[in-house]
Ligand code: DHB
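The data below hold one chain only, encoded as structure tokens and taken in the form predicted alone.
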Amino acid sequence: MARITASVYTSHVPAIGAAIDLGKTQEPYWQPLFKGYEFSKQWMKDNKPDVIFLVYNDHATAFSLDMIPTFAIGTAAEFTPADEGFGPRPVPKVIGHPDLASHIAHSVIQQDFDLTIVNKMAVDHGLTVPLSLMCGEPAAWPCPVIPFAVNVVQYPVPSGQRCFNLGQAIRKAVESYDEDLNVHIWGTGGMSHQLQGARAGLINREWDNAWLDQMITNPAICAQTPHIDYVREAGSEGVELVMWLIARGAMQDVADSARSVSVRHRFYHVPASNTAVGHLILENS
């Protein structure tokens, strides 16, 4: 059967993609951030998955206020980088895994989660920046990717508990797939940041790091965090962290308390374009 062996968590700040694309990664402002992903890029080479299930949010690119799916799974054979107003990022197209994606959709819907099935979709920085951070600038991404878009832009957005439970359903779906596949699940977005209003530029180091601690040791408590706490403590865009809970819910220790996860890498850096950058790699032991 297929299995989830690891989860990756990272911010997906659009300016990070621009810094990579414009060759600015060694400039003094950006160098400390990219140094924090050096381990991660080597880890990816040493632990290359067969498929990445990548949880992210669309930034009014594939979707708009005309249509707002809460959870949308990409089932296409490929996904092109989106033009977000400055031309598409110069990165490889994303190759999908239609068979596994369709199986996950069927299984998760049968577990009473409603998904929007998307057969054609451009993918924006929410998906491509994490791939760049973890994989560098290859001619092709190292494996197929299943995009999973979550609405954290327009209220109402899903609760952390709903996302955590969905991660558990995704794990069951993956494990019921009748092919020996090594799957990584990534949760992206966050951490504390606010892009508008009187609190624009808000960053809360203490809250971010406490949340990371709890994500590792007691994610079920993280899942109970109400939306107002994210907004008050981590800014209006801090609610993106509910997407991390999908990936965390898919790890083995959530389903079986006798099993454990190991922290392979943890990194935190501020600021990156007025955003706190958080990053974790967890492996199933």
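Residue numbers run from 1 along the displayed sequence. All values derive from a computational prediction rather than experimental measurement.
One more form of this protein should be noted, the form predicted together with 3,4-dihydroxybenzoic acid, which is absent from this view; the next part is about it.
Here is the short version: of 227, 48, 259, 59, the single residue with a heavy atom within 4.5 Å of 3,4-dihydroxybenzoic acid in the model of the complex is 59. Residue-level contacts in the model of the complex: of 195, 95, 109, 122, one residue has a heavy atom within 4.5 Å of 3,4-dihydroxybenzoic acid, and it is 195.
At a distance threshold of 4.5 angstroms between non-hydrogen atoms, residue 10 is out of contact with 3,4-dihydroxybenzoic acid in the model of the complex.
Under a 4.5 angstroms non-hydrogen atom cutoff, 3,4-dihydroxybenzoic acid in the model of the complex has residue 272 among its neighbouring residues. Of the residues in 222-241, only 240 comes within 4.5 Å of 3,4-dihydroxybenzoic acid in the model of the complex through at least one heavy atom.
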